Ligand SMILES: Nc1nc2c(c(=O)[nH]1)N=C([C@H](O)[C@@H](O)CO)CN2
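One chain follows as structure tokens, the form predicted on its own.
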Amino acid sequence: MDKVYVTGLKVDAFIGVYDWEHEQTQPLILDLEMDWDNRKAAESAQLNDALDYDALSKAVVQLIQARPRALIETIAEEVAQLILQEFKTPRVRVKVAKPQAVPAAQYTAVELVRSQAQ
């Protein structure tokens, strides 16, 4: 299966379990990997035959910024479901990193894989 990637998508979000985390945004960095058959798009050169990664990225940002959440696990699951349902990808891998979560670490992250069958 072909893959479409969106790597390093930065989203400022209200995220965390502490009160102060709901008073200021923090950056999240998302890496998305979607299964997608690119043959039709390659042949037609038409955007409507491709996975529109610009529209997908905007939808992900809008979803994340719509409301505060406590955990990046919640964001990862919601992003996966959005991509599967709205963009009809057969499978998606979502990694959500929170760079400011642990001061001594470059970032903390969760990653999940979901498919239409799940």
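What you see is a predicted model, and the numbers here were worked out from it, not measured in a lab. From 1 onward, residues are counted along the sequence shown.
One more form of this protein, predicted together with the named molecule, exists but is not displayed; see below.
Among Ile29, Ala50, Ala70, Ala59, the residue placing a heavy atom within 4.5 Å of the named molecule in the predicted complex is Ala70. Only one listed stretch (59-67, 72-80, 85-93, 39-47) carries heavy atoms within 4.5 Å of the named molecule in the predicted complex, and that stretch is 72-80. Not one of Met34, Glu111 and Val113 is positioned with any heavy atom within 4.5 Å of the named molecule in the predicted complex. Heavy atoms of Val17 reach within 4.5 Å of the named molecule in the predicted complex, making it an interface residue. Shown here without the named molecule, the chain has no residue in 28-64 lying with a heavy atom within 4.5 Å of that partner in the predicted complex.
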